[in-house]
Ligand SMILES: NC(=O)c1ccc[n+]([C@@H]2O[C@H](COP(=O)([O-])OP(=O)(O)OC[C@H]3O[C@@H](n4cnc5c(N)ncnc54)[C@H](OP(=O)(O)O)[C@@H]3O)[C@@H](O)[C@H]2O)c1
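One chain comes next, on its own, written as C-alpha cells: the form predicted on its own.
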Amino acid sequence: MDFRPLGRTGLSVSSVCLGTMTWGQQNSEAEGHEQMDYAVSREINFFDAAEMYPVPADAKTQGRTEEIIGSWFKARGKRDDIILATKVVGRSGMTWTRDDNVDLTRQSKAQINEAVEKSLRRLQTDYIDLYQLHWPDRGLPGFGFNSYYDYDTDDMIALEDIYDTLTRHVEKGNIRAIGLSNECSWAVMKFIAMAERSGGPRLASVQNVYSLVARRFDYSLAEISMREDVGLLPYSPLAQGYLSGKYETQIPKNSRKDLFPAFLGRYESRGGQDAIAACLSAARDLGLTPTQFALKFAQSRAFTTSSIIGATTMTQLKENIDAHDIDWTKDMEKAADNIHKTYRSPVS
C-alpha cells in the first residue's frame, strides 16, 4: 500500500480510503465490521464517514454508519491505528440531524458544535482526525450543475465564522484537521488565506466527485491542490458502479441502481452514458478490467491524496482494493485523455 501525506498535517494516509456510506442501510453492522477488518489487513488506515450516513439520507437510519464504526473501535481497540474522517452536513432540509427545532441545517457555530459532539459519541472516540464540511452552507449550486448561477451572499454564514468554529474544535482537541467537500476553488482559497492570516489550522483536503467521466476538478482546483498541498479525496471513482461495467447489460438485484435508481441520475444523460461505454471499451482494449482502469486512474493523479472506494459485498471490496495494484502506464493515460477530449467531463 502506498501512503501519502494528508495536506500539511503530518499525518500519512493510505492511497486507498474505505468509504462507509452503505453501512446501516445496504450493509449490516457485522458486514461493516468485516469490511473494516479486511481493509486493515490490506494496510488501509483511512476511513471516511459522515453524520448523515448511510445514504440515501433518512431520519430512521441517520448516524448509523458512525455507530457501526464506533462499535468496531470498541471491539477491536484499533482507534489509534486509523485516520478517521467524517463530515457535517451543509444547508439542507435534513433537520432530523439536529435536536433543536431548526428550519434548515446550517453550518452555524451552534449546529457545528452539536454535530461534532454527536459524531464523537457515535464513533466512541474523543477525536476526529479529519472533519469536513460535507457541502457548503451557502446557496451554491454544487451538485450536478452545468452553468453557474449566483446566490444571495447575504444569506450565508460567513466562511470566517465557520472557520473560527472549526478552529476552536482543533484547539480543544476534538478534531485534528479540517477539510471541505463538494466545494469550488473560491472557498478553498478563502480557507487557505484565513489560515495564513491567523496561523490557525490549514485546510488539509477537498473531497469532490472525480472519475474518468467527471473531471471538472482538473480545470481549476487541481492546480490549487498541487500548489497549496490540499489533496483531493475523490469520491465515486467508479461512477456509482457504472465504470465497473456492472450495469452494462442488466441491473443486478439489490444493487444501488436497483434499490435507489434516482441516486444515479447524474450519470444517466446521453453524454454520460456514451462516455461510460467508451471507458469500458478502452479498459478492455488495454487488457484491463473496467474497475482497474477507473480506480487506478483516480489514484494515479498527482493531486490525489487517497481515493475513496465503497462496496456492499466482500467480493467487490477485494476487487476494488486489488485494482490499485497495477502500474499506470502511458497507454492508459493516453486512453483516458482521449475519452476526456471527446466527452469533456459529461458528469458534474
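Note that residue numbering follows the sequence shown and begins at 1. Remember, predicted model here, so these are calculated numbers, not experimental data.
The same protein also exists as the form predicted together with this ligand; that form is not shown, yet it is the one meant from here on.
Screening Ser225, Ser119, Ser181, Gln107 for any heavy atom within 4.5 Å of this ligand in the predicted complex leaves a single hit, Ser181.
Note on the partner interface in the predicted complex: the residue among Lys190, Arg138, Arg256, Arg202 having a heavy atom within 4.5 angstroms of this ligand is Arg256.
When this ligand is considered in the predicted complex, Pro237 lines it closely, a heavy atom lying within 4.5 Å. At a distance threshold of 4.5 angstroms between non-hydrogen atoms, Trp186 is out of contact with this ligand in the predicted complex.
At a distance threshold of 4.5 angstroms between non-hydrogen atoms, Trp96 is out of contact with this ligand in the predicted complex. In the predicted complex, Asp48 approaches this ligand with a heavy atom inside 4.5 Å. Contact annotation for the candidate site: Tyr53, Gln207 and Ile309 all lie close to this ligand in the predicted complex (heavy atom within 4.5 Å). Contact with this ligand in the predicted complex, judged as any non-hydrogen atom within 4.5 angstroms, is confined among 241-249, 214-222, 272-280, 156-164 to 241-249. Residues Glu319, Asn320 are the members of 318-332 with a non-hydrogen atom no more than 4.5 angstroms from this ligand in the predicted complex.
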